[in-house]
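Have a look below at one chain only, the form predicted on its own, in structure tokens format.
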């Protein structure tokens, strides 16, 4: 395990050094990414000024929702870039994945360290800024448990969305090309979790509660942090299911990844 972590750090450090070689260009990329990412929330905030609330949620409360999911998704998109189906499927199609498989290093570690796009740090900073705005605006009643649980939730969100990336890449072992349905769960899931879940129709709510349990990843923890009443009348422990959901999705993704590797056949390219 320690050896694998050292290899992963060396792979990532190499990419960090190459992408930060020209400091001014790198900082400009990060700043530009942060600005473009913030435009969406600014536009939403201007629209919400007209309606004041969305299903009883104020701008500050939605900023808390958006800030958490933007921060975690952006960090996941940075850390799991190698498992992004958009970049992983060409590796399968062109046969470059075969080179990874003959090396005496875990394939999972190699894929994780194969791609790192540092300019996405700009989106992480934008997410943190929106989250800070939400915290300042709503002024939650912080307890020691809430203070400890907030970073736990953010880490769990990274794991959940990264697991979807991993499963999406595994599917390309059979399809070769990426399938758009994965983007519905990743980028679409990020958008879905940015709003109060009770605004969605019952059939969609059912899917993202019992099949892909995103409702416990962002919505219910936010209800807990902001001391908001539960409009869906779930049990009182619902906000604390986030770690269990993250562990379950991670185990499912890792099992599926292993299953895909055992049945992988090179394209022969």
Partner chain sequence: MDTIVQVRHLTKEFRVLHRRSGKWGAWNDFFHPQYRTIRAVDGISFDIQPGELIGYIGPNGAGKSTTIKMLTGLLVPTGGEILVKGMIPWKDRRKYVANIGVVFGQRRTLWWDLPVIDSLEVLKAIYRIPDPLFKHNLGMFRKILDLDSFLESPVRSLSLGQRMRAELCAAFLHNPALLFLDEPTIGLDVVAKERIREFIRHLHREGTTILLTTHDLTDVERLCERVMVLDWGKILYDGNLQELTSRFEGVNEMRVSFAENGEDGLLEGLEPPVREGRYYVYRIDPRKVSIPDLVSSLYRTHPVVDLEIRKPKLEDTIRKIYENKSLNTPD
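Bear in mind that the values here come from a model prediction, so they are computed numbers and not experimental data. Positions refer to the first chain, counted from 1.
There is another form of the same protein, the form predicted in complex with its partner chain; it is not shown, and what comes next is about it.
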*Contacting member of 176, 94, 136, 181, with respect to its partner chain in the model of the complex [4.5 Å, heavy atom]*: 94
_Residue-level question: is residue 100 within 4.5 Å of its partner chain in the model of the complex, judged on heavy atoms?_
yes
*Is the gap between residue 105 and its partner chain in the model of the complex 4.5 Å or less for some heavy atom pair?*
yes
*Is there a heavy atom of residue 14 no more than 4.5 Å from a heavy atom of its partner chain in the model of the complex?*
yes
*May I ask you to check whether residue 10 falls inside a 4.5 Å heavy atom distance of its partner chain in the model of the complex?*
yes
*So which stretch, 189-197, 70-78, 161-169, 106-114, is the one near its partner chain in the model of the complex (non-hydrogen atoms, 4.5 Å)?*
106-114
*in the model of the complex, residues of 226-265 near its partner chain [heavy atom within 4.5 Å]*: 264, 265
